[in-house]
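Below you will find one chain, with nothing else, as structure tokens; this is the form predicted on its own, and questions on how it binds or moves follow later.
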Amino acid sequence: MEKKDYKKEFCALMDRFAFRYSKWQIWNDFLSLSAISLANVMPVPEKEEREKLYLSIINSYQKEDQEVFPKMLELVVLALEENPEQDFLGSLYHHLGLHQEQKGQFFTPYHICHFMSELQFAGDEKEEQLKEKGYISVNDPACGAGAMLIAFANVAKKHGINYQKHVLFVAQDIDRTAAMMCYIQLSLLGCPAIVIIGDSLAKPFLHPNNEAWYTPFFYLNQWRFMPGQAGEERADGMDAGCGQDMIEAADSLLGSMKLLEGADGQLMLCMEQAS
């Protein structure tokens, strides 16, 4: 069977209303709508504010145009389900000519990221960390669309590590567009991740001025990364335990999203409908 060209189909959907809106606006609105749809299945403090932003964006489009955005997200899901070893949104971003070379923005090709990730697994250090802490962590302070972290997840899987449970992904980028691409892809691939929007040098990690996005799989696995008594507040302001609200949210997550399982047992998230 001939493989579908998801990139071509995605571009065709954008072209339906690109004559009414700029491609840059459509792309960024698609990223915001998709990220909010994925994030708002959990009871995060920003949920109401993000929902208002979602409605503000979607209502700025005509009815027939609104229906295109879920179809675009569906193509991203199918592309990553068929081949999880790729930076689909990053390559699509360059294909559409949206990358900003004047800002020095160039995403590292996936095969280079894969090679660099393999180097990280030289020796037994990762296995020792896994035995000692129960998980390993990886940080990309200039994550772009997340190619390096996606490659790390796939390499970890090849080395027998279930990255959906035993790897904590931390990503940061000063560019919001790039961070949103990273968040969407890590969410769909089932990576427990924290994606930060902010300057990694001046304001690293959970700086008060930074914007933090937690993937659904982070909430489902946060107890693995935050040992402590239920109700105990950690340094980042999050509850260390897995309270009843998170249990209910997990049930809601599984109800509002499809968990697609591939032949290799890898889970994928797929929204059944938009927010």
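Since we're looking at a predicted model, the values are computed, not measured. Residues carry their position along the shown sequence, with the first being 1.
Below, we turn to the form predicted in complex with a small molecule, even though it does not appear here.
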query	finding
Among the candidates Q120, Q105, Q129, Q86, the residue which, in the model of the complex, approaches the small molecule to within 4.5 Å (heavy atoms)	Q105
Non-hydrogen atom contact A142 with the small molecule in the model of the complex at 4.5 angstroms	yes
Proximity of P192 to the small molecule in the model of the complex, heavy atoms at 4.5 Å	no
Non-hydrogen atom contact M72 with the small molecule in the model of the complex at 4.5 angstroms	no
is_contact(S91, the small molecule) in the model of the complex, heavy atom dist at most 4.5 Å	no
Among 150-158, 73-81, 170-178, 131-139, the region lying within 4.5 Å of the small molecule in the model of the complex by heavy atom distance	170-178
